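Starting off, we have a lone chain in the form predicted on its own, written out as structure tokens.
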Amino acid sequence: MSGIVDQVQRQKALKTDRMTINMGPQHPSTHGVLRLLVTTDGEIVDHVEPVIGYLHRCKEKIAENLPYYQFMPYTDRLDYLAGMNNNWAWAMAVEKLAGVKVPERAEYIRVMFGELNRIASHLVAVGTFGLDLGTFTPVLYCFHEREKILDLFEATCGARLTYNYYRIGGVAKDLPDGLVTKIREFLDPFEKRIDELNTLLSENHIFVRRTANVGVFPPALALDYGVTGPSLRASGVPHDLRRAAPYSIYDRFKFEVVVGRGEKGTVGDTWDRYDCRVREMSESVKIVRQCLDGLPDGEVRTKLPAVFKPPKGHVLFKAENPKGELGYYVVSDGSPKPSRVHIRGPSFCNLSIIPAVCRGVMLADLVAILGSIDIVLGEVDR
């Protein structure tokens, strides 16, 4: 008994100094040029302040000085792991502003490539998340499968990262011969790879201990901070714009909105955010298959005048990107260039919750929580 008393007294007498350290802006776990100003008490995080802006490139101001169609390549550089989705949202925002009708075949191609890019983005998120926690093999599995998707994109538009494939009114060109067959050949074995990934990582004892019950996002808190995408759905909130406010032709497809289940710990924890992305890849496979089965013939692009001038007005368009809700607010004064553009990047809002959920966690847990949010700094800083 006296030993326990002595230990308690020693702990009370122990004085520690808080230390402020920099994690980043050049650190592998920050997934880009993000600086985390971390105040710690030993290994315990007392406060975290994200410091951003190292990748700011004045995207919105650039948009206001270019014709609408010339801004398309710049959208690739927002979330540079989801260029197709960024292109698509910009095209739909301008089409809504100008009342442009998109051909049926183009709609199917857009959805198909958007979902393939969602899979590719989630593969990077899942693979690098495992790398953050000290396991190397899963990132090899994920990047091996991602390369196959990039091969499909390269065959279609000639690029593997910044695609510039979508156009206002459709897509740049039709699918090359044999691509539909190649996509089907990718889908069947890929579903088996998801099962392998679950065996390799999802059920790994160390991985579960590092992620379950860590960094829980209560639903109300996540909503208050504007968290969207898989990071919100992992907290049990079934909000997905593809279902809640269907755009394009999403209302024709059958798929489930994946939400956190608290299977290994608490609903909304770090493991749930990882698990939601893994299960969302399977749902994207379902959507791509339905696109292939229903792909119609016809034109892939609506002809528009060389000098494109939407009528005066403004529009806010939001799309469900791999990271969350990407929004474009566009104001037209009737000229060939927008008079105002604002971009709502999901990574920016998702990152903002970090100070609220990381107080009192271990320093190693901070790395896990940040990795589970899946941010891209090009989208944070714009």
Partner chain sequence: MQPVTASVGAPDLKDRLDVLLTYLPSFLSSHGEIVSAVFLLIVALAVLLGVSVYVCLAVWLERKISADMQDRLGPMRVGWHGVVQMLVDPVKLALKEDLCPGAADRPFFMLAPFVVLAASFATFAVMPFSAAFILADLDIGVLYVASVGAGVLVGLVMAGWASNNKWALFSAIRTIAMLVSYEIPVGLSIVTVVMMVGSLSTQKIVLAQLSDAGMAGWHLFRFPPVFMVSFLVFFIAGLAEVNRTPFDLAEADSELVAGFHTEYSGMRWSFFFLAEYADMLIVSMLGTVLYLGGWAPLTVTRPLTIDFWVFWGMAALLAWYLHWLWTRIYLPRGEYGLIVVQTAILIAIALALLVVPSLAWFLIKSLALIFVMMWLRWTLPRPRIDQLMYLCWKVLIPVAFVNLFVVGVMRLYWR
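Residue numbers count along the first chain shown, from 1. Keep in mind the model is a prediction, meaning the values are calculated, not measured.
Not on display, but discussed next: the form predicted together with its partner chain.
> Would you say all of S29, D132 and L200 touch its partner chain in the predicted complex, counting a heavy atom within 4.5 Å as a touch?
Replying inline: Checking in the predicted complex: S29, D132 and L200 are all within 4.5 Å of its partner chain.
> Could you tell me if F186 has a non-hydrogen atom within 4.5 Å of its partner chain in the predicted complex?
Replying inline: Looking in the predicted complex, residue contacts with its partner chain do not include F186, since no heavy atom lies within 4.5 Å.
>> At 4.5 Å between heavy atoms, is P67 in contact with its partner chain in the predicted complex?
In response: No.
> Do T40 and its partner chain share at least one heavy atom pair within 4.5 Å in the predicted complex?
Replying inline: Taking the distances in the predicted complex, the answer for T40 is yes, it comes within 4.5 Å of its partner chain.
> If you check in the predicted complex, is R210 within 4.5 Å of its partner chain, heavy atoms only?
Replying inline: Yes, contact at 4.5 Å.
> Looking at 177 to 185, 141 to 149, 119 to 127, 307 to 315, which lies within 4.5 angstroms of its partner chain in the predicted complex, counting heavy atoms?
Replying inline: Going by heavy atoms within 4.5 Å, the stretch is 141 to 149.
> So which of L81, I287, A106, V214 gets a non-hydrogen atom within 4.5 Å of its partner chain in the predicted complex?
Replying inline: Here the answer is residue option V214.
> Using a 4.5 Å cut-off on heavy atoms, what residues in 343 to 377 are near its partner chain in the predicted complex?
Replying inline: Result: M362, L363, A364, D365, V367.
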